[in-house]
Ligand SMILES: Nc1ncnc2c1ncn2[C@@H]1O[C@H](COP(=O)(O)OP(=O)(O)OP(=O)(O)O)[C@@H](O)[C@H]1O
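Presented as structure tokens, the chain that follows is alone, the form predicted alone.
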Amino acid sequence: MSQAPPLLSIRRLSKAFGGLKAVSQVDIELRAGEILSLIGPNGSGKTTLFNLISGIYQPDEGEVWLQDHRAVNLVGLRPHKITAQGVARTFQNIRIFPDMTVLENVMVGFHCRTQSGPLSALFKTPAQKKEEQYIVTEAQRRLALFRQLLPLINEPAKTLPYAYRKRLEIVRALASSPRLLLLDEPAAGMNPHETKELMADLHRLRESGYTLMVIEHDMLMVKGLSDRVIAFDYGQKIAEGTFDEVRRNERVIEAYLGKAARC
């Protein structure tokens, strides 16, 4: 029996800013149901890679293929079109609407999947009311994946503790019904207890059918979360494998600690 094609295939992806190669000839394959973590020093190209996948930047070279019912090259598509294809992401800095409730923040994430136009919303047509109720129900269902948030659905987002606001951004990304979720430093700013809880949440997402690509600096999080790890330095992939294989790699040790660490 032939193996299913990768959900995501990145081939020879490159991006330079002036004379700086932020991403250089990167190849990555990600299979459905995997959790892949990207590690590397600050400035090694990890977030630039996310920006290329999600359409914020266009590459100088290379392809980004998403396999659904058919293979789609994401290069050249606008970010909202890529979201509609099934790729969602979060950012290093939280981007929620602080004065909206938890539920309303998640409902906003459904915009790429809704059909009702401005006139339907203005006149509250039966179709618009039915769609709005569907969105409320689906938003609650996604919030239930993060059990801490469900009791707080009517609270303003600005009143949430920091770790809960990070979760809220993830749930809002889930509202677009992605197959692939890109998480940029989801545990940043969390204490060890909060990080452990988040790991359990993300494993539960994978069990629910999501595929995750995660940028993370917390090595305990990377170890406890990842099926595979890819290490970057100066825009290049320098190691790939299990957490233990990557952490023992000499190029990875050198990237984090300098050449003296090899002596």
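Computed from a predicted structure; not experimentally measured. Heads up: residue numbers just count along the shown sequence, starting at 1.
The same protein also has a form predicted together with this ligand, omitted here; what follows describes it.
Visitor: Find the only residue in N191, N73, T137, Q92 having a heavy atom within 4.5 Å of this ligand in the model of the complex.
Guide: Exactly one listed residue reaches within 4.5 Å, namely Q92.
Visitor: Using heavy atoms and a 4.5 Å limit, would one call T47 a contact residue for this ligand in the model of the complex?
Guide: The answer is yes: T47 has a heavy atom within 4.5 Å of this ligand.
Visitor: A22: heavy atom within 4.5 Å of this ligand in the model of the complex?
Guide: So A22 counts as contacting this ligand.
Visitor: Going by a heavy atom distance of 4.5 Å, is W65 a contact of this ligand in the model of the complex?
Guide: Contact with this ligand, no.
Visitor: Is the gap between E169 and this ligand in the model of the complex 4.5 Å or less for some heavy atom pair?
Guide: Outside the cut-off, so no.
Visitor: Mind telling me which stretch in 223-231, 37-45, 65-73, 202-210 gets its heavy atoms within 4.5 Å of this ligand in the model of the complex?
Guide: Comparing against this ligand in the model of the complex, the contact stretch is 37-45.
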